[in-house]
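Starting off, we have a lone chain in the form predicted alone, written out as structure tokens.
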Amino acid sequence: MLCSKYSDFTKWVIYQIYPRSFMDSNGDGIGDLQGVISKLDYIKELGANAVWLCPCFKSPNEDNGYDVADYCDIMDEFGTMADMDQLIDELHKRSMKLILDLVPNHTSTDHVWFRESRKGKDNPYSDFYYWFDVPPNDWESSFGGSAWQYDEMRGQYYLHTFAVGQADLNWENPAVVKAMQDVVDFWVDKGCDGFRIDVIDCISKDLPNDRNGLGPRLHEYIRALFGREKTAHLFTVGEGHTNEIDDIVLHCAHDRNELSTLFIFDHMECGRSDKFTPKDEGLRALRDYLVYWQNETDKRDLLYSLFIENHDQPQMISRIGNDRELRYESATCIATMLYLLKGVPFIYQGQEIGMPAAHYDSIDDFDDVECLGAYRKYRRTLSEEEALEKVNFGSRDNARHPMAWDDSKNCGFTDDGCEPWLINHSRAKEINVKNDLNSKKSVYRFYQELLKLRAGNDVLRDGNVEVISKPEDEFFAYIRSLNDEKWMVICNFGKEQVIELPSDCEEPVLANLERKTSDGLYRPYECAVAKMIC
């Protein structure tokens, strides 16, 4: 059983919004905060009770908001601080929470801290960033090329782990720690209920050594932000890149006063051999990762983050499911596999209508700085068609196309006479909220029922998990139990087969296809949930 602090978070269902692509309220082709406000009832009716907003702070958008120019102001395209205040108020009126995306590893080079820092060594902000006369190592940027950029004004090189316009903050400087504490406190005072922390494991560095290891003061810095009395109540989820359980314990054990949970990314490799190369895998691969991490986190009383999609990842349904004739079945089966496990659920915008990956025939239709760099690299050895297949598969744009609300010209995202900031999803006319809600096979309505069932049953949130399917089985079956109550969850994979269960169950209370019994013949991607007869 999770400690009481963390078991409260299992009642949260977090809906992730990429504001630029969610809903445009003023017809400029860019989503905004008023657009988010206009769709809060849609999110609440789905069954979510918290919203995670991707970065909405002032930014020149070299990396779509992950290059922050002012942590305490709103991006011009998204609205004003008054709009943010209204959003927080409207969320809280609906008993919903707000989680903001915090980017503590780097700022935009447009940030006043960097503009001052580059003026010279006598400036109060001089040591807010890493400056060297000569690059001390051969680190490469995550977006390609050297991680060191020469600045003419300062006459030195600065570190950028990501884009050139994203300068890494020097957390060794106590003034940086205090400045980031002030940022967190500013938003807590505004009413923010939690944070998703971008690349949290990068903030401590062991210069000039290899940055792939966790820096020596990482946990000290995390506690400086979230281990204080003012911030101890927050929900915090870190984006790190460790899959070592001992490291995860150090981040998330409830007596560490650091993070509520981490995103564990092992399962995000399902269906691909690298980010831009597909791999022939199905739901069995996802199941095996989920089973492993359920066991590992449960043994250590850790909160597990239940997610399969986000703003950086192409849609899972297109990698390990059938996103064509069995799209509904695949989307609902994957959701059932995931969201009835123990942990805190995350749903990414569009996932609730089974939105698949997109496909385009021109590199001009892409915006993602990472995939554009990859395309240039692939064109050195591959044909244009082959390089396009790579970026179509792996581009972060897959998750960032405007939300498809209906089948109008601009899919209800923005005015029909306007050009959206990014080309509409290639299948938006077919797959959109309006069409889904009008369909007999509605992914959204299945999600509603699934989340309602989870919300109404302690056993499906906090009960023990017992996996009864075997590793070689082409299905996933597990039991949730608490006190004297037990529930069975059965998820078939991509082929028709008979599934025999070891215990009797009542008639399923939830299934993506009509069925009267919990065992028997299952069609591809069919799933069922039933209470067990004890």
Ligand code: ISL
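All of these numbers come straight from a predicted model, not from anything done at the bench. Start at 1 with the first residue shown and count on from there.
The same protein also has a form predicted in complex with the ligand, omitted here; what follows describes it.
Check: Does V199 reach the ligand in the predicted complex, with heavy atoms at most 4.5 Å apart?
Finding: Close contact exists here: in the predicted complex, V199 approaches the ligand to within 4.5 Å, heavy atoms only.
Check: Does the ligand get within 4.5 angstroms of any non-hydrogen atom of E77 in the predicted complex?
Finding: Flag for E77 set to no.
Notebook entry, point to check: Hey, in the predicted complex, is D312 touching the ligand, heavy atoms inside 4.5 Å?
Noted result: So D312 counts as contacting the ligand.
Check: Does the ligand come within 4.5 Å of any heavy atom of S108 in the predicted complex?
Finding: Result no; S108 lies far from the ligand in the predicted complex.
Notebook entry, point to check: Which one of R400, K342, K97, H219 is close to the ligand in the predicted complex, taking close to mean a heavy atom within 4.5 Å?
Noted result: Selected residue: R400.
Item checked: in the predicted complex, the residue from D168, E370, D436, E258 that sits within 4.5 Å of the ligand by heavy atoms -> Residue within 4.5 Å of the partner: E370.
Check: Taking the partner as it appears in the predicted complex, which of 292 to 300, 145 to 153, 110 to 118, 239 to 247 has residues with heavy atoms within 4.5 Å of the ligand?
Finding: It is 239 to 247 that comes within 4.5 Å of the partner.
Checklist line | 4.5 Å heavy atom contact with the ligand in the predicted complex for all of Y15, K44 and F446 | finding: No, the candidate spot makes no contact with the ligand.
Check: Quick one: which residues from 50 to 70 get a non-hydrogen atom within 4.5 Å of the ligand in the predicted complex?
Finding: D63, Y66 sit within 4.5 Å of the partner.
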